[in-house]
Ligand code: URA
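The data below hold one chain only, encoded as structure tokens and taken in the form predicted alone.
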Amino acid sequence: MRLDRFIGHHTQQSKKAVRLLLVKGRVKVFGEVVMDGLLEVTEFCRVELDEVTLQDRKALYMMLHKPAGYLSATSDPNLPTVMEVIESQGEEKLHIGGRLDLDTTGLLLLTNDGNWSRRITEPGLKKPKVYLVDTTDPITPEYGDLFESGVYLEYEDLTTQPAQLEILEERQARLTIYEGRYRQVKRMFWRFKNKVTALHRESMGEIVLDPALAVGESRALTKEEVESV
């Protein structure tokens, strides 16, 4: 929203009155006097009028080492959710950027910034998501060939974007995908009738799960991690 419209909305003053407030230097954004009414104001800009704060909402960006058995949801009447695990952020409402299945572990990102979470989950931006995968049966090179060419998903009637497979052990591999479709990794391996027995997300984009975080622990993202998105 433009600053002049923001001021008008919060003070119920006329356009002319708002222009006078700006010209007289009575409006500050992040502590600096701003006279340009065309300045774009986001939901996380601190805006003051005559030293009275009109908006001062802090943007929050968290990573959680998600444990198995917790639902990637803000609430659920039957199952425990990740919100019961992450450290309290007061009254601020967080949402999840890139959900994980109930039994999947690893990197989960939470924020109150909707634009930011959309950027990291938007398939068109092709942000890599890296998973460590364990399976019931051996993983052979033909898996990588199929994943690279794309796997047809009948329910959505589409073919997945090319993915990269690195075989680590007979029944363990690292898979990099660029989408986040429903149970995608498990469905890709099931094309070979091979059941995924453990799934762990290691990274999203340039954000890597902090090895210092034990299962169930969380921390705020660094400035560099936030800006990488």
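Residue numbers run from 1 along the displayed sequence. What you are looking at is a predicted structure, and each value in this text was computed from that prediction instead of being measured.
Separately, the form predicted together with uracil exists; it is not shown, and the next lines address it.
Comparing 28-36, 42-50, 184-192, 166-174 against uracil in the predicted complex, the single stretch with non-hydrogen atoms within 4.5 angstroms of it is 184-192. For the options 104, 121, 135, 112, the residue carrying a heavy atom within 4.5 angstroms of uracil in the predicted complex is 104.
Within this chain, residue 199 lines the site of uracil in the predicted complex, having a heavy atom no more than 4.5 Å away. Taking non-hydrogen atoms only, residue 131 approaches uracil to within 4.5 angstroms in the predicted complex. Of all the residues from 9-47, none has a non-hydrogen atom no more than 4.5 Å from uracil in the predicted complex.
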